[in-house]
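One protein chain, two forms: both are listed below as structure tokens, the first as structure 1 and the second as structure 2.
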Structure 1
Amino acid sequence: MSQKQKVAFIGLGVMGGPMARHLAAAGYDVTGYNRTLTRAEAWRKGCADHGLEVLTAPTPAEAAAGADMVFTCVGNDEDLAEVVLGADGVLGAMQQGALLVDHTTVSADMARRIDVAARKRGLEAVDAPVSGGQAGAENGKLAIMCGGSAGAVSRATPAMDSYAARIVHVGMAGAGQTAKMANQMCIAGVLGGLSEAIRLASAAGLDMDRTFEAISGGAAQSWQMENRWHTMVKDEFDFGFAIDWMRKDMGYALDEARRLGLSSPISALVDQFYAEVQAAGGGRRDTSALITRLPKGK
């Protein structure tokens, strides 16, 4: 960059924290905010350990003041409304012409609402949910699906390049969120089938490594198979993206499908399977823990 740009990053959790650190490493002047102040301080110290100087702010508005770009990565619709539209939200503090980039997975309606509010203030907004989980954030290899104007997405892309392997502009405001819903539906369906396949192969006494080798090179291959087959076989389910968050995302997806007059029976069924895992105390396990609701057979 010819001139160091000032950015704010709101939400420094397992996804936002690494993303904000990548921005600092790319040469941006980063101020972070997190609702839990101890997490914000831990993020600042972690950046310092990497030789990066960053700042923290006590409110979203103070973090956003004077920033060229503001990034958000929080929990859900309500959290996003608070940090963007609330009394101490970023929108009221952002300077004319600044850009808001939201990486939270929320409803398409919330994305469109923020876009309208931003344009009324002379600002631009991009809804840019991500896929790739904690590992993708840590390694700077996220996939980002963007909704908004072509100009706004183009402005955001150089910054997002610091933590993304793929950035795709899929449409206008809300389109990024709708694409993320499709993404989560795909993951749910694949994990449902993968869970049953692993239980079948195991109950039949197959060598699980050889079975993986046999089927992962053909039409059954998927990211979930490549990255979760062996850990699911070992009953290891601590890989970042929790079932609690997946159910939140699936709720948005199923609501949007109903709004569009669509039937989504497979997604609805897998969502209920996830509810069973939650009820059994597995809500903080990663999404591959779907397999735990299935008995292991003989």
Structure 2
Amino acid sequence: MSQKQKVAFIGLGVMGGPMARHLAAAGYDVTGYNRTLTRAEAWRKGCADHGLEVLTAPTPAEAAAGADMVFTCVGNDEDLAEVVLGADGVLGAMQQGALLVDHTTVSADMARRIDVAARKRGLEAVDAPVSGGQAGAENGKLAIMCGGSAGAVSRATPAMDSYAARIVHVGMAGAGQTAKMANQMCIAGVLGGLSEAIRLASAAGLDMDRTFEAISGGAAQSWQMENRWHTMVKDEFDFGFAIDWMRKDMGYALDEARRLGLSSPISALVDQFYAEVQAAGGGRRDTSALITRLPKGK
């Protein structure tokens, strides 16, 4: 870049923090904002430890003022509405020609609302939820599903490249969110079947390592089987993607399916099972803790 591009990053949590740092490392002039100001300061110091100079701002609007691109990565619909559409939100402060890129997993409806609000101000928005978790954010190897115009996604791509292994444009506004929901529905079904298979094999006294070896090379194979079989067998769940987050995503997925007149019985059932695991205190555990609600047999 002949001149440093100015970007704002709203939400400096376990995902947004390292993503914003990767932007700084890639040569962007980054101003960060976080609702909890001590976290913003910790992020600034963390960047400084990497030899990167960044700024922080006291409100989303002040972070976004004068930025060429504004990134958001917060918790849910309500959080996103506040930092984008609220009184101190970024949208009212963004300059003409600036681009809004949201990395939060939110409802497709919220993504469309933001798209409409941005267009009313003559701006463009991209909904760009990520997968790959905290490790993917730290290593800069996230997969990003993008909804929006082809032009807007192209404009956002060089910046997103600083923390992405894969960027795919799947459709218009809200499509990135919908792809993420499809992703979560697949995971729900995979873990539903896998949990029951592990209980069956284990209760029947099979050698679990050899059973994995026998079935993991064929039509039953899945990422979850390859990466969670051995931990599920050992009742280890204190890592990975938390059920609390999965329930949020499943709620959005089931809302969107309802809007589209679809039936999603497996997703709905697994979502209910996750509610049971949450109620039993397992909300912070990995999604593979779905198995914990199943009896171990006689």
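Only a predicted model underlies this, so the values are computations on that prediction, with no experimental measurement involved. In this text, the rigid core denotes the largest set of C-alpha atoms whose superposition between the two forms falls within 1.5 Å. Quick note, the numbers are simply positions in structure 1, starting from 1.
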* **Between structure 1 and structure 2, the form predicted together with a further copy of the same chain** => 2
* Among Ala61, Met225, Lys180, Asp102, the one marking the hinge of the rigid-body motion between structure 1 and structure 2 -> Lys180
* **Hinge rotation between structure 1 and structure 2 - smaller rigid part turning relative to the larger, in degrees** => 9
* Structure fact -> With the core held fixed, Gly240 moves its Cα between structure 1 and structure 2 by a number of Å equal to 4.7
